[in-house]
Ligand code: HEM
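As structure tokens, one chain now follows by itself in the form predicted alone.
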Amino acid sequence: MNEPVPRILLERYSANERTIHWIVAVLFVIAALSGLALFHPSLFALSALFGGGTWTRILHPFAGVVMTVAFALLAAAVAKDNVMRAADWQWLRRIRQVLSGREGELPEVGRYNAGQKLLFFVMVISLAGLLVTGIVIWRRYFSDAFPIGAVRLASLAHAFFAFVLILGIIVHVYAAIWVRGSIRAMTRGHVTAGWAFKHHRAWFREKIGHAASPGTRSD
């Protein structure tokens, strides 16, 4: 009886990257839900998830600050892989092929494709905007130092950046589900060589020259 041929597995994310990613994800859910509870009276019922309005107001800014710091650590680790290159602009010009799944007609991409890179910059800008505007409207510590006009403007900008970030995260989650194997990469840390060759061929060519670890068959 022939034994099954093991698949070659390539490390996609290190343990540190995965840990920080999930810390950011959990803090995002907390910050988003608590922020929505404070955004409009019709959503205030969400504050029950955090023990009421007072605890929601206390928790929201601290969760936001810790999330931003954690994301900054993650962003620093992957920044070099998110630089836009000539192949990325070609990839964007062929967005129809991307959406129709005709990946064989696309230029080879590295660790991240152009869509992922643009989303990365959207998240960087949004979180930076949320941090700055959040400090201005943080009544307990900072808002008294700013004129009321600046506080009101910061409140509007804070809501705008939050809206953009939430949309970006929705796109991020949808893309992770759409591309089979992406979620496993962030939970287990590795992908199959076949997955890498199909979706990130330039990254595959780079990785295949380094040590690849054998593994058993998996779904």
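Sequential numbering from 1, following the sequence displayed. Owing to the predicted nature of the structure, the values given are computational and were not obtained by experimental measurement. Definition used throughout: the rigid core is the maximal C-alpha set that superposes within 1.5 Å between two forms.
Here the subject shifts to the form predicted in complex with the named molecule, a form of this protein not shown in this document.
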- Sole residue of 150, 38, 173, 179 within 4.5 Å of the named molecule in the predicted bound form, by heavy atom: 38
- Which of these residues, 183, 193, 49, 159, gets a heavy atom within 4.5 Å of the named molecule in the predicted bound form? 159
- Segment that reaches the named molecule in the predicted bound form - one of 123 to 131, 97 to 105, 110 to 118, 82 to 90, heavy atoms within 4.5 Å: 123 to 131
- residue 57: touches the named molecule in the predicted bound form, heavy atom cutoff 4.5 angstroms: yes
- At the 4.5 Å heavy atom threshold, is residue 165 in contact with the named molecule in the predicted bound form? yes
- Query: Is there a heavy atom of residue 65 no more than 4.5 Å from a heavy atom of the named molecule in the predicted bound form?
  - Reply: yes
- Can residue 138 be called a contact residue for the named molecule in the predicted bound form at 4.5 Å between heavy atoms? yes
- Displaced residue check between this form and the one not shown: residue 180, CA, 2 Å or over, core reference: no
